[in-house]
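We begin with a single chain expressed as structure tokens, specifically the form predicted on its own.
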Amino acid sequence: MAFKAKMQIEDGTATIRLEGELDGRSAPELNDLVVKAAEQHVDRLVLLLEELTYMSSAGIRCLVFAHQKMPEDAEIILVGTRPDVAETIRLTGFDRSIVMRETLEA
């Protein structure tokens, strides 16, 4: 499945919907969106991951990049992370630096 990333910024929240596989080839696209979100000084970065089928170590590096690029008090929320992608995130311990939710309203 081809990677797609679409961002919407509203009321201090940048919401990025990801589809497909986040790997070394697609990671720069997500990093570019994170930079744009940081330039808008958003308070919250929400990544909608329901349609993200795979995350490689390059994807984990994107999350670390987002954590470093966003303001210190900004919240990063991963929503709808598939079990295998969530396991990858948990294995790195990065789940302790972000919020993971099943739904946006949780």
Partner chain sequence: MTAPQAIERIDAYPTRRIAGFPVRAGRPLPFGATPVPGGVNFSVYSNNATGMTLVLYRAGEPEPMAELPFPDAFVIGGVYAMTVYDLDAEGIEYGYRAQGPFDPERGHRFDPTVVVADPYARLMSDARTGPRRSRVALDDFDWEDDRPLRLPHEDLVIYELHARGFTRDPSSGVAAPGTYAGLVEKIPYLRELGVNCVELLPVFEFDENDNPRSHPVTGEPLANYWGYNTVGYFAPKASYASTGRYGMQADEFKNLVKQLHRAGIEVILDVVFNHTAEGNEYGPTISFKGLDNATYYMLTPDGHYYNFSGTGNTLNCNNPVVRGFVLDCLRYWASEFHIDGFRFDLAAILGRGPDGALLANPPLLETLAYDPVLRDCKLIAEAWDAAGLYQVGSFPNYCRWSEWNGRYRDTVRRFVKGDTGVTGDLATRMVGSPDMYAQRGTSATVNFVLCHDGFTLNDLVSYNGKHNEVNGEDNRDGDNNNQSWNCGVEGPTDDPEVLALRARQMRNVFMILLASQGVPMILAGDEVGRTQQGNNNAYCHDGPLTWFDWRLVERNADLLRFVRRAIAFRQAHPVLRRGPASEVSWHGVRAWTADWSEHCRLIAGMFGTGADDCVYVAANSHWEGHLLELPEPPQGTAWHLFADTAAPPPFDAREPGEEPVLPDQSHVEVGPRAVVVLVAHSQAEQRDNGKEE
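Positions refer to the first chain, counted from 1. In this text the structure is predicted, and so the values were computed from the model without any measurement.
Another form, the form predicted together with the partner chain, is not on view; read the next lines as being about it.
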| item | value |
| --- | --- |
| All of 20, 33 and 53 with a heavy atom within 4.5 Å of the partner chain in the predicted complex | no |
| Residue 13 within 4.5 Å of the partner chain in the predicted complex, heavy atoms | no |
| Close approach of residue 90 to the partner chain in the predicted complex, 4.5 Å, heavy atom | yes |
| The partner chain contact in the predicted complex: residue 58, any heavy atom under 4.5 Å | yes |
| Residue 67: touches the partner chain in the predicted complex, heavy atom cutoff 4.5 angstroms | yes |
| Residues in 12-47 close to the partner chain in the predicted complex, defined by a heavy atom within 4.5 Å, in order | 23, 24, 25 |
